[in-house]
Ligand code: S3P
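Have a look below at one chain only, the form predicted alone, in structure tokens format.
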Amino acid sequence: MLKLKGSIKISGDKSISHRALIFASLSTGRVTISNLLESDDVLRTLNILKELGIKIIKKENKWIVFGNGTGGYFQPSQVLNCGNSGTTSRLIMGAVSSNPISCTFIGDKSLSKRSMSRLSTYLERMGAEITLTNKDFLPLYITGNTNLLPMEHIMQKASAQVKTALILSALNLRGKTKIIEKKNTRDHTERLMKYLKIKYKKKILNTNSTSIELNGPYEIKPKNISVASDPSSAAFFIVGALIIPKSNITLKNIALNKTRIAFIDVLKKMGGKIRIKKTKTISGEEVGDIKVSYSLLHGVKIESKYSPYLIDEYPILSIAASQARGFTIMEGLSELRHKESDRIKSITINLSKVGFNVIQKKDNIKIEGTKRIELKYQKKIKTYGDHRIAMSFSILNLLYKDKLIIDDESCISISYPDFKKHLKKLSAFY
């Protein structure tokens, strides 16, 4: 039988990779980036920066970016194709909004169904001219302006992408910009700014709320960036080791940012044997090794207040829940409807197809776990083009001896092109 055994270094973090490229492009010189994730999404950001006049070359295993400063983007000669990447579209929109250029953003079929007005309304209020398809979607046309109005933004919906886009816009504005988060989100942008010595003020308003104040324009001095390994990618192997008997693995160089490893707290509450050892800090992020061994899991309730920190991990947590004793309840998942697929639908339909008892009510999912399901016939898993659904059910497939047929594995390259290679490296038989 199959088990997961051994150790690997996970690929670079997707969120940090996007930000490393963009901040390097806004610096005033040469920046070398190590361990950049070379996924479809990140390469979209890289190629769009080239279209905006940024020189970027690869030398051996590192990427070298020659920044043009915070107001240094040039008028692109063609449309900016973001593919499937919501991070690319929103972050670059923010970055170009305070440059005197006009850009047209397009995306694939999936990205063209995702809301862009949740960012554009803020940028328009500041003075950017934006035209959206059906007032909400790509294709999008934006004319930026160095004289945008620096102002206070109160974010009603939690979104690290929108927050970062507003920060990127503010870097080239003269005056104070204040961003108030009613619900805290992931803080990779703030950590990278601190590492790059970009001065800003951060205040904790209450347990869940924070304000960030910037006073631009900024000159960002070039500083080399190392990208920590992606905890969201590590999550697939962590759950795999927890649910497959006799598994024992070590994952190295993982970013241990508190806003990114909430899923580990959930898995520990479910009874998961997970040990974390911090090893160092790289480019503002704490990193370390994660050791995981097979565990008997039990169901838990995951309250809605945790949802901003679990947005990418709910699919693989649903796989853990399917193998746990009792019920797991996931509450407040509305944001999952706005990802690469409607993940509430993707999780519910596919787990039900395998034979699990899954109840979906509004924005909540209830999963009854059991190890007793045996498949006599193959079942087709519909990914809806969602890389995290594809990888999550690839992990479940290890238990069902390839009885699950994943309809589209190509989408995995969006975030983790080395997923299959790393899974094969950890796979052993007993």
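Throughout, we count residues from 1 along the sequence that is shown. The model shown is predicted, which means the values in this text are computed figures rather than measured ones.
This protein has a second form, the form predicted in complex with shikimate-3-phosphate, left out of what is shown; the following refers to that one.
Across the proposed site, R19, S159 and D312 without exception bring a heavy atom within 4.5 Å of shikimate-3-phosphate in the predicted complex. T87 is the sole member of S120, N81, T87, S247 with a non-hydrogen atom lying within 4.5 angstroms of shikimate-3-phosphate in the predicted complex. Of the candidate stretches 273-281, 170-178, 346-354, 304-312, only 304-312 contains residues with a heavy atom within 4.5 Å of shikimate-3-phosphate in the predicted complex. In the predicted complex, shikimate-3-phosphate lies within 4.5 Å of some heavy atom of S15. When contacts are judged by a 4.5 Å heavy atom cut-off, R191 does not count as touching shikimate-3-phosphate in the predicted complex. With a 4.5 Å cutoff on heavy atoms, K339 counts as touching shikimate-3-phosphate in the predicted complex. Although the partner is absent here, R186 sits close enough that one of its heavy atoms falls within 4.5 Å of shikimate-3-phosphate in the predicted complex.
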